[in-house]
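Listed next as structure tokens: two forms of one protein chain, kept apart as structure 1 and structure 2.
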Structure 1
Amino acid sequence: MSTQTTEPPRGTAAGPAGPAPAARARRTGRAKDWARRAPLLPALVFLVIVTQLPFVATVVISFTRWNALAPDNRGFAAFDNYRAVFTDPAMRSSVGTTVLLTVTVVLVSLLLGLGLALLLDRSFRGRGIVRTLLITPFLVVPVASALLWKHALYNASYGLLNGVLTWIWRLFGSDSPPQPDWMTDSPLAAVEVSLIWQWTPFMMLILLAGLQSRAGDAIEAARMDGASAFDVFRYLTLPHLRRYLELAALLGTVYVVQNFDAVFTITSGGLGTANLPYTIYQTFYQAHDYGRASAQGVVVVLCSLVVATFALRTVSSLLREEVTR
């Protein structure tokens, strides 16, 4: 009786043909993944070097006692700098100023941006030119914008605002028009108005994009059913713009909180206008306390990250809504 031996099929794990097809497929998939990601590695390394390493260095310095005016008194300070940050009256005052400045600028810019977006959503002759002119303030360099408001508009001697007051008073036969010093009488309002002028176009662009993504058939159906323009805005447009309003408010908050140019240029931080970035500037460049300034910077970055996280979530939700349409 002959005995026959059965050979395992070729290509299996027990056969001499090599590894299993599943293992080869996994290796091929990993190789393709690395081939796609490899061109991005230099950019990722550059991004880490430029953004993360300086932040790590700032965190390390924030735990040191380092004042250029006392070079011999340098060493590890543990959490002393952070305790000084949260107990410093100037820091608490700058926090209140930053909150008031940010809330005022963001809310007013949102309202004005919404009004302008509703106007630009209509069809009229010259809409492209009007849109370009309305976007222009956002394209101006922040320092140039602050200088424009400080000298061309606010100046008590030759500024445009006082010139307009003089012209109006002379129309009514008066030779003694009021000439207020805007930067001295209302310093925080002067900074806020310049920032509102600069950030309203940003809000307008985001909200205009939201308006142009509305479903036209729903609006037409509502109008055919007798809905007024206010009803369409209240029940259709405003709910649709909720995500865009949130995104504009969050992004505006992130940027306005970090604003330094307007405060430094218009008021130099005086008369109760010193916000967090200007306070950090004073601590670093005037007091030369590098450890405390680094601690202040870390606190501001962490607070900004909280707002930025909500902004990223809002952007992700908007993208998911666009994909599901």
Structure 2
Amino acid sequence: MSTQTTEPPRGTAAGPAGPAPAARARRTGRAKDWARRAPLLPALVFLVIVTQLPFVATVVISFTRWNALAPDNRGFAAFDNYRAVFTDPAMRSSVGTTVLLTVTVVLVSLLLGLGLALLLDRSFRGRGIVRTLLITPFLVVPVASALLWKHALYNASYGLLNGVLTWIWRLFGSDSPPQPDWMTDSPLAAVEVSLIWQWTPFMMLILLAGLQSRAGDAIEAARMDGASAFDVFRYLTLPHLRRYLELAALLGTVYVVQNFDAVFTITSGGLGTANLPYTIYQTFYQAHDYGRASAQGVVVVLCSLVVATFALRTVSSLLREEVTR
């Protein structure tokens, strides 16, 4: 490093005898290391305090018997809370709901987002306007969008969906249109559709960025060589998009797993739609069972860590290509 010579030596205070040159170099090296790390520290320290310490506290509380409604009956519970969590059918069903909800929403919105990104990658009249229209669902405040779906669209007696059915049936002179009650007939699908509507634009934005960063000349060359549109997609576009698909799926999963707004607003967790965040919220905020809520939290964190480790490996393939810098 050329800068090493211009840096004032840190070991001069040791007097005329001074430390051995090697030791001095090591010390300035260490000082430089710290100078490089220093800008990182505020963010790291802040995150450790605000996010990691509460988790430690959660682990501690998970081993205590503590219900805020019975403050006198507090003590060490060993694994009682965990036993309760694993034998609780509601907890088990909310694990299933969370997995199903997340996988469905992420996969469907990823596929729809890919389709829309491919459509928007071509030039046509009004492309900018169409992109703006498509982005909007992602920009509506999630609670607002949940309220919108629940009251203005799904509602059985005056929602838009059944209103349109009535209108179509009247066109054909019928007075008995089907009026399904969307939220009671298929509650989980009702939540999923509203979330897919909200997250498809997010996926589309990421994949569109991927499509537009493709090298145009390679595609042109492939076309000249007689490759079909499908071949170009399969052998050029898709491999290039891989990192973007991974990234979109990863970020989408991080946010959809933690979804609270849609479940809370549309079904209030009823009819098998309670996911993990909602179940923990209920145990803590409504049942006031602090011990059990914490045990649920710890179980969720452990499961997330397994998934996160797997996902981070995937992201590390994203990172590795940049390491050459």
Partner chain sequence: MSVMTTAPRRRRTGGALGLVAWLCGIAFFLPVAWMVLTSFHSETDAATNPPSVGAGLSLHGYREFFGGGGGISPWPPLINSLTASVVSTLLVLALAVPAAYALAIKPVRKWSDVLFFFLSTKMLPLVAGLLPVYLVAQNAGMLDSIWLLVLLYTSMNLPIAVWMMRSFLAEVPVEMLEAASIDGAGLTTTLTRIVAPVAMPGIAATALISFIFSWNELLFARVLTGIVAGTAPVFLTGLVTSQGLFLAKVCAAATVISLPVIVAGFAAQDKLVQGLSLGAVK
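For the two forms, the rigid core is made up of the largest set of C-alpha atoms that agree within 1.5 Å on superposition. Structure 1 provides the reference sequence; residues are numbered from 1 along it. What you are looking at is a predicted structure, and each value in this text was computed from that prediction instead of being measured.
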Block containing the form predicted alone is structure 1
message = Taking 2 Å as the cut-off, check whether the CA of residue 207 shifts that much or more between structures 1 and 2 after a rigid core fit.
response = no
Would you say residue 269 moves its Cα by 2 Å or more between structures 1 and 2, aligning on the core? no
Core aligned, does the CA of residue 287 move at least 2 Å between structures 1 and 2? no
Superposed on the core, the Cα displacement of residue 305 between structures 1 and 2 in Å comes to 4.6
After superposing on the rigid core, the Cα of residue 53 moves between structures 1 and 2 by an amount in angstrom of 3.9
